Structures are given as structure tokens and as C-alpha cells.
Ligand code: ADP
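The data below hold one chain only, encoded as C-alpha cells and taken in the form predicted alone.
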């Protein structure tokens, strides 16, 4: 728990396994007035073409990691790191400090009463002990596999590898303050989000 000054917003760390629907639910909170800070979007922006981290990644993995536009070939990079734990650790050590630094700058400037901080590896990384509350978006693995396959057009084997690289569903849920099981109709999920929004508004 962090010590907050008057202008520092209440911070909800939103996480969940790949394909759990974190972006969809973050958007629901945003429509209700929360500020959403998305670590995935930040990670994309800080490795855009010719930025310092982009250059570090290309130097490490070689130009084969680039697409025809000289941007990072994300599917190729993902395939490498989820099949090589050392490469995964190297990339995370490079990315996580830069992502965290950017997040803290956004939080410092925020005028919203609370922030939804969406981070896929919120609990695994150990970098986000400043959040006030953890919200886990939970779905069965079968739903994850179906969604990942449709969204990312990757093999079932790679999808399973990604899921296994993340914290187990039971451990993630054990460490949650709030849980949304995101396998219900969208109307039901929306009601749950509104209830939590009211709870978070009162906590600020």
C-alpha cells in the first residue's frame, strides 16, 4: 500500500491471463470515468521504430526480428521468447523498468479519482506494489485458448505455452481483492463493472 497525497488517485491493478478480456473490461471502466493505463499499449509505444529500446532489441535479436517496414515483428518475437526462457527473461529485464517508469509518470499527472492499471504480469513481475487493490479478470483455460486462437491466429501449442508461462489461475485468484469471471453475457459483466466502479469511487 502506498502513501498517497491529496492528488494521487486510487490505483486498481487489473490483471488476468491472456485472452481473459482485460481490454474489454478496462474500456467499461473508462466509460464510467476511470482513467485506464494500459501496460501493453505502453510497451508497444516504447519499442516503436528507432526508439532506444527498439535499437536494443534489434541489436540483441538481429534484423531477422523486423518486418518489411522495419518495425518489430511481434509474432516472431513472441514465438522466440515463449520457447526460450533466457530470451524471455532478457526482454522482460529490458522492458519492465521502462514500462513502470512511464506508468508512474502518467499516474503523477492524472486528475481522475481512480486509475485502472492494466498489466498482464502485474502479480508475476513484482514491480507494482504501489497499487491499492488487485482486480483479476478470470476465465477458464478452455475459453482462453479459444479466444487467443481467434484473435492472434496462433497454434494451440503456442497458446498453451503462453498460458503456462503466466501465473496459474488458482494462484492469481488467491491474490485478488476482486474477481470478475468473464464468461457471462456482456450485460452481466457490465453490471459487475458498475458495482465495482461504485466501490472504487467510494474508496477515493
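Numbering follows the first chain given and starts at 1. Note that the coordinates shown come from a computational prediction; the quantities given were computed from them, not determined experimentally.
What follows is about the form predicted in complex with adenosine-5'-diphosphate (ADP), which we do not show.
Looking at 42-50, 29-37, 62-70, 144-152, which one sits within 4.5 Å of adenosine-5'-diphosphate (ADP) in the predicted bound form if you count heavy atoms only? Only one stretch qualifies here: 144-152.
4.5 angstroms heavy atom contact with adenosine-5'-diphosphate (ADP) in the predicted bound form for residue 195: No, no contact at 4.5 Å.
Flag residue 21 as yes or no: does it have a non-hydrogen atom within 4.5 angstroms of any non-hydrogen atom of adenosine-5'-diphosphate (ADP) in the predicted bound form? Flag for residue 21 set to yes.
I'd like to check something about residue 17: if you look in the predicted bound form, is any of its heavy atoms closer than or equal to 4.5 Å to a heavy atom of adenosine-5'-diphosphate (ADP)? Although adenosine-5'-diphosphate (ADP) is absent here, residue 17 would touch it in the predicted bound form, with heavy atoms inside 4.5 Å.
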